[in-house]
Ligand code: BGC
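First, one chain by itself in structure tokens, the form predicted alone.
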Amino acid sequence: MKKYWLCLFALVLLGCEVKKPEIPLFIYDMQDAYMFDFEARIQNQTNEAILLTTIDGQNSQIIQNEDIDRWINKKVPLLIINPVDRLSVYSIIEKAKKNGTKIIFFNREPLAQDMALYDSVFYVGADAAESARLQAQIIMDLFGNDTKLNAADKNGDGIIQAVILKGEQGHQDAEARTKVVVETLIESGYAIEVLDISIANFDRATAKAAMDNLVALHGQKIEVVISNNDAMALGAIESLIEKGFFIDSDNNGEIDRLTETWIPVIGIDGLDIAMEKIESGFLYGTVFNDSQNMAEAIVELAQLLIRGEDISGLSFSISDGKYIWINYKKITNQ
């Protein structure tokens, strides 16, 4: 009580520094270009209301689990987690629940049965299937929104010949994006032949090597490159430039699609560098994964949870008391 009155007296006379809560922000892998950008957006959104400490999981669930255990033992009020493996969060939730530590998961959605284990666990993200449906819409636009196809059907056979660059095998978003983009095209009446699916782990350099191999196998048969994310799309473009599928004949750093050689590559994420490639004509389109709105939702929710306030006052709509969904947007230069 004496300490309280001393602090109150100091607050009145001199101002008493209120210590900001330190909250851990766990990122699955800071080498991921999208997550690197996402982390910066979250940090920038805090406006000094809370102190976020970023911990890199280095794409290892073992490393991330050890880091999470250390922070739970510190009895912090909240964990913000982008899990390495969404299927491995059961024990994290159980430990947090035992300590009364709240959790916000983001970007990689845990299983519904795991989310149901604890009232104070939440998820902020986007629906991977929606991104694939929008990617399919971009492909339909490319082929004239006509199931008979347009001049983008290079061999005139009425079938879209595609290769797909897939993220991690078994990864929720990679599986959904790979499956749903094809299903959406078929359901919309388009004939599509997937020449090959190559796993490139959401990584630009891996995707370049994969695209080198796809070109060696399928060459001019490829009519469109469908990528699970922008990083892999950019790697594919590097390969395709080297292989002569893009020719900037006037060397102005841009592709004129009416007069110069090009091949459509479509990504997902909306990275700044991807947007630049769309403007310059090298990337046909992408699906914008709105990390800015997600960052705003994460920080606003975090502040309410730390203060123990009613989350019904959140400015984002929340489903089932646990989920905040942020919509994707399709981006092209058409």
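The shown structure was predicted, so the numbers you read here are calculated from the model rather than taken from an experiment. Numbers for residues come from their place in the sequence shown, where the first is 1.
If you look for the form predicted in complex with beta-D-glucopyranose (BGC), you will not find it shown, but the lines that follow are about it.
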Open item on the list: Can you pick out, from Thr184, Thr178, Thr101, Asn107, the residue that has a heavy atom within 4.5 Å of beta-D-glucopyranose (BGC) in the predicted complex?
Closed with: Asn107
Open item on the list: Based on heavy atom distances of 4.5 Å or less, which listed stretch (170 to 178, 70 to 78, 154 to 162, 211 to 219) is in contact with beta-D-glucopyranose (BGC) in the predicted complex?
Closed with: 170 to 178
- [ ] Indicate whether Tyr28 is a 4.5 Å heavy atom neighbour of beta-D-glucopyranose (BGC) in the predicted complex.
- [x] yes
- [ ] Would you check, heavy atoms only and a 4.5 Å threshold, whether Met35 touches beta-D-glucopyranose (BGC) in the predicted complex?
- [x] yes
Open item on the list: Can you tell me if Asn289 lies within 4.5 angstroms of beta-D-glucopyranose (BGC) in the predicted complex, counting non-hydrogen atoms only?
Closed with: yes
Open item on the list: Even though the partner isn't displayed, in the predicted complex is Gln135 close enough to beta-D-glucopyranose (BGC), meaning a heavy atom within 4.5 Å?
Closed with: no
TODO: Heavy atoms within 4.5 Å of beta-D-glucopyranose (BGC) in the predicted complex is the criterion; list the residues of 259 to 277 that meet it.
DONE: Asp269
